Structures are given as C-alpha cells and as structure tokens.
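Next up is one chain by itself, shown in structure tokens, the form predicted alone.
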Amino acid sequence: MIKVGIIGGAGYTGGELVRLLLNHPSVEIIFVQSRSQAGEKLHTVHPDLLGEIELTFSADLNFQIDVLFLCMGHGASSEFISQHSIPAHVKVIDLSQDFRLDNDKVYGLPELNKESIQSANYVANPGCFATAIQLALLPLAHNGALKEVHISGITGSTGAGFQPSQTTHFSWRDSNVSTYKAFNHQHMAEVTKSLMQYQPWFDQPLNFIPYRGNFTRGILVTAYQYCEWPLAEAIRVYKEYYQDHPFVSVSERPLDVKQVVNTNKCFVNLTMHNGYLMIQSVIDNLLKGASGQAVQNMNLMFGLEETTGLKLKGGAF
C-alpha cells in the first residue's frame, strides 16, 4: 500500500483528493493536515464523507509516508518546502502553481511527460485551464503546425478556490458570465513552455480570454488557428497522438461540460471553418484539472496502471 499524506485538506482539491484516494485499491491515507480545521473530523468540512472516513484533520506532519500531496494556495507550497526538510524517500505532488516553471521539477502532464513523471520525486501538477488548453494544442505542436492561436475558455466557480470572494458569491455568479485576466492569465506561461518542448521555434501569440461561468465545475476551451491540413488529417493526427493516453478521447460529436464532470477525462473535438481549425476540449477542473491528475501522476510515479482508482463515470443529466 502507498502511504499518503495530504497538506491542505480542507479545500476543494484536498476534498476531491480524499474522495479519490478512499476508493483507490493501493492507497492508505495516513494523515490529512489543515491548520484551520485541526482536530475536526474530515466529514465536518466535507459532509459527503460522513460514514466513509472517521479521520481527524491533523495540525502536525508525519513523514512515515511514501507520497505527500500539497493542496495549498499559490505561494504556500514554496513557503512549505523552504520551512520543512522532506525525507528523500517521500515523493511530492504539488497542486499549486509555485513550481510549474521550475526546470528542477517535473511538470505533471502525463500526455506530455509520462516517462519523466515515472522517475520523478517531485511533480508540479498543471493548472486547470493549462491542462484543457494544452490537451487541445499539443498534437499541433508535436507536428510543428502550431501558429498564432485564439483561445477562449469558461470555468466553473470551484476554479476560484474554497474561500468565498465577490466573484464566487452565489448572488453575483448566478445568471452571470464575465471575463477576467484577458490576455494575461497566469496559466499561459506553463502552456507556452510545454508547447515549446515540441516546437521550440514557436514565437506566435497565444491569445487567451477566460470566462467565469455560472456553474460549479468544469471547463470548456475553444481554440482556433489557420491550418493547411484537411479536417480528416487533423483528426488522424489527434487520434494518433492520444492513442496511448487513456484519459483523452477525440470525439466526432459536439462537446458539453457534463460529458466529463466527475471524471478524469478530457474530450477533444475538431472542426474546420474556412481554413481555420477549431479545437474544443472539456475537462472537470477539480479532477483532470487538479486532484484526478494528481492521482494519475501518483500512479505513474509508483509504477501502477495509470487509470487505477480513476475509472470514474460522469452523469449524463
């Protein structure tokens, strides 16, 4: 059994991680740490866990584990790493953005870096928008066909984290849609770095407009660029690229978020419009965009089948 510790277990990603690992056949949860909820049962913060686990949030660390998940806010992981000496035998999977651009850490997108992840001791889990955008564009970069891209994406309110704010408050978010961080979203730096692994000469803009959606979870990304390929060739290229990646499927039908919510899947759809290839991708921001991908990385790091504990089925309605 893989012995697991979780730092920051009271938030959305920490809660999703506990839910996944409780049903993972090769995992034992040793501790779940939370400074704000220390001493409370996990199910007092995550009520759906009532009857599933009686573990109490811990204020202390226990390094008698095999892997440590960091589910803290951005900036907190680097502070934690600087303040604690983590034993060499403990692998780390970090769900913050703190080390995603660090060349000394492995960037944890399995559809790009599977072999590196398998031998890594520290994996920086990708961002949610970054995951959806990269899975839409990686096959183009892999074939040297990436050009200037125009991208839009809409995300559910859970993408903003557990702590409430003006733009996650129900009365503001409900029946409302808005843009934010246009052309300047923090995930675009990691997207550019990943795409340049395949196409290092790429120097064109990635024009990204993110939207806040009036729903709780899921991401839909739309990207388009000029492409010389006919649609059939583009579909062939995408299917060939993802044939060995079990969580990504190329769909011939239009996409919607409900197809992937509560799963670790990404669906991709391609269409052609007057010489422009349009790629859409959908993921669950809390699973393939965060905790599910973290478990996928753990499976690879410990030599397990990539899909172990992640064969999740979404609801159609």
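Don't overthink the numbering: it's just position in the shown sequence, from 1. Note that this is a predicted model, so its numbers are computed, not measured.
One more form of this protein, predicted together with a further copy of the same chain, exists but is not displayed; see below.
Practice prompt. Determine which one of 77 to 85, 95 to 103, 119 to 127, 177 to 185 lies within 4.5 Å of a further copy of the same chain in the predicted bound form, judging by heavy atom distances; exactly one does.
Written response: Heavy-atom contact with the partner occurs in 177 to 185.
Discussion item. Since only the chain is shown here, I'm wondering whether residue 59 would be in contact with a further copy of the same chain in the predicted bound form (any heavy atom pair within 4.5 Å).
Written reply: No, residue 59 sits far enough from a further copy of the same chain in the predicted bound form that none of its heavy atoms falls within 4.5 Å.
Item to complete: Decide whether residue 173 counts as a contact residue for a further copy of the same chain in the predicted bound form under a heavy atom distance cut-off of 4.5 Å.
Response: Yes, contact at 4.5 Å.
Worksheet item: Taking the shortest heavy atom distance, is residue 286 within 4.5 Å of a further copy of the same chain in the predicted bound form?
Response: Flag for residue 286 set to yes.
Fill in: Contact test in the predicted bound form: residue 31 vs a further copy of the same chain, heavy atoms, 4.5 Å
The answer is no: residue 31 has no heavy atom within 4.5 Å of a further copy of the same chain.
Worksheet item: Heavy atom within 4.5 Å of a further copy of the same chain in the predicted bound form: which of 242, 202, 198, 224?
Response: It is 224 that has a heavy atom within 4.5 Å of the partner.
Worksheet item: Which pick from 237, 145, 209, 112 sits with a heavy atom within 4.5 Å of a further copy of the same chain in the predicted bound form?
Response: Partner contact (heavy atom, 4.5 Å) among the options: 209.
Fill in: Residues from 233 to 256 in contact with a further copy of the same chain (non-hydrogen atom within 4.5 Å) in the predicted bound form
Going through 233 to 256 in order - heavy atoms within 4.5 Å of a further copy of the same chain in the predicted bound form - the hits are 249, 250, 251, 253, 255, 256.
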